[in-house]
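In the form predicted alone, a lone chain appears below as structure tokens.
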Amino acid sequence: MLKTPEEFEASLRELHPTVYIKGNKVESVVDEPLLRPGVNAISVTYEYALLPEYKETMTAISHVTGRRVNRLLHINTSQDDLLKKLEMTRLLCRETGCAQRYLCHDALNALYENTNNTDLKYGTDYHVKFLNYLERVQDEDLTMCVAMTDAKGDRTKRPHEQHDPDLYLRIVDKNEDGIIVRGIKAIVTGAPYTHEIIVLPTRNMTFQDKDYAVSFAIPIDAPGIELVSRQAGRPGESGAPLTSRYGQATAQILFDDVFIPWDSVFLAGEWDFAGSLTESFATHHRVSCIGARAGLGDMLIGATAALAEANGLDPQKIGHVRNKIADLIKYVESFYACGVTAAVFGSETRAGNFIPDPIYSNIGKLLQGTHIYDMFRIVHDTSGGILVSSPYPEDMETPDIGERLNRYLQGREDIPTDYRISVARLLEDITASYQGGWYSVISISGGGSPEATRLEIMRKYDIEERKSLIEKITGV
């Protein structure tokens, strides 16, 4: 059943997670002003799924149940599904900045493939358990956060070598009923306002690391789980037209000897499958990052062109403005094109679902992550100092002062001052505020660092074939 935004919020009220922000315990996630922009962003994923014009993009027929489900909970069964997912992510993020819920899709598809492969080798029953879980989250239209990144400690040491064994989440006990886990997941997107947690390993493991090779699902308010969260966006700030409404919280999740029943466990010590699960998730998620930043890029292109026009500089007529905006378009559409190519060249896994091409997934993510700074530079260069000096809305509404500000801050005669200043505030919000710094960091680090994507490109790219071409040409 597809939930409405109102039903999504009502379902969150039924949960009682232990969440702290700035040292204070949150009584109600839905009613906490510091989290409201995050709740709003997730709500858009429910709203759009019910709009007729977005039906084919936002929903799909589940191959497990035959029922229509939110595409964010769908298992890709074709290259078209991969394309639709990319389009959906761009669509959502061009309004919200970061829709966050696409992590559900990436984790579910990675688990679909990996549980099948683990069963084939070890004779386990993880895939059946996962299919039961998948059917439930699809039917209930749930939102899950994905807890993947561990604290990691000393980066030169493997999990079992750390001075504190709990710097990576680990299994501390097993019994006939389930497993018990302890540790931390350190960067978890949107965690406070989700229904459940999907835990994935953060890297490849060795036999000595087997206790850290763990994956499972657990309700967000299960006993022993505590969340320490950042605020979502810039709530309550009048000068933040986007992020006072939509934002993303990131949380640390502490697991204090948490019990996980076997029915919710998808990996428990099969160390040689931790790396493949991590890689599969990363491949799916890096395409999500491409779509998300393309959505943000749509905002940047539109607002930069609009402010240039308000300043009296027509992008079609003024050469240096035209060149800058053309470069902005080049960056956005080049990494998005890699996402499209990754989908078109996507392939079927042994489990039967489809995965994007890993080379183009990683190239697109690398371009997106490293060019975010070029994109912001173009915005700042084109727009000028009004980005960080425009008056607050309250100033514009102050008697006498506001009237004069409206007079003196007008650019082009036929474009209202209020429009010019509103666009400037939007660009400041997403490129030059706290949130602009956040977008920079999340773009370069979220979904994998540039170094991680380069490593994956080098692993997957057939350099030997290219070398053989040279041998053929030179005859040596």
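All residue numbers are counted from 1 along the displayed sequence. It should be emphasised that the depicted structure is a prediction, and the values quoted were computed from it without experimental measurement.
There is another form of the same protein, the form predicted in complex with a small molecule; it is not shown, and what comes next is about it.
Partner proximity in the model of the complex: residue 28 to the small molecule, non-hydrogen atom cutoff 4.5 Å:
No, residue 28 is distant from the partner.
Give a yes/no on whether residue 254 approaches the small molecule to within 4.5 Å in the model of the complex, heavy atoms considered.
Contact check for residue 254: no, nothing within 4.5 Å of the small molecule in the model of the complex.
So, residue 442 and the small molecule: in the model of the complex, are they within 4.5 Å at any heavy atom pair?
Result yes; residue 442 sits at the interface with the small molecule in the model of the complex.
Is there a heavy atom of residue 152 lying 4.5 Å or less from a heavy atom of the small molecule in the model of the complex?
Heavy-atom contact with the small molecule at 4.5 Å: present for residue 152.
Among the candidates 91, 340, 187, 318, the residue which, in the model of the complex, approaches the small molecule to within 4.5 Å (heavy atoms)
Answer to the contact question: 187.
72, 290, 232, 148: which sits within 4.5 Å of the small molecule in the model of the complex by any heavy atom?
When the small molecule is considered in the model of the complex, the option within 4.5 Å is 148.
The small molecule isn't shown here, but in the model of the complex, which of 31 to 39, 415 to 423, 45 to 53, 445 to 453 has heavy atoms within 4.5 Å of it?
Checking each option against the 4.5 Å cut-off leaves 445 to 453.
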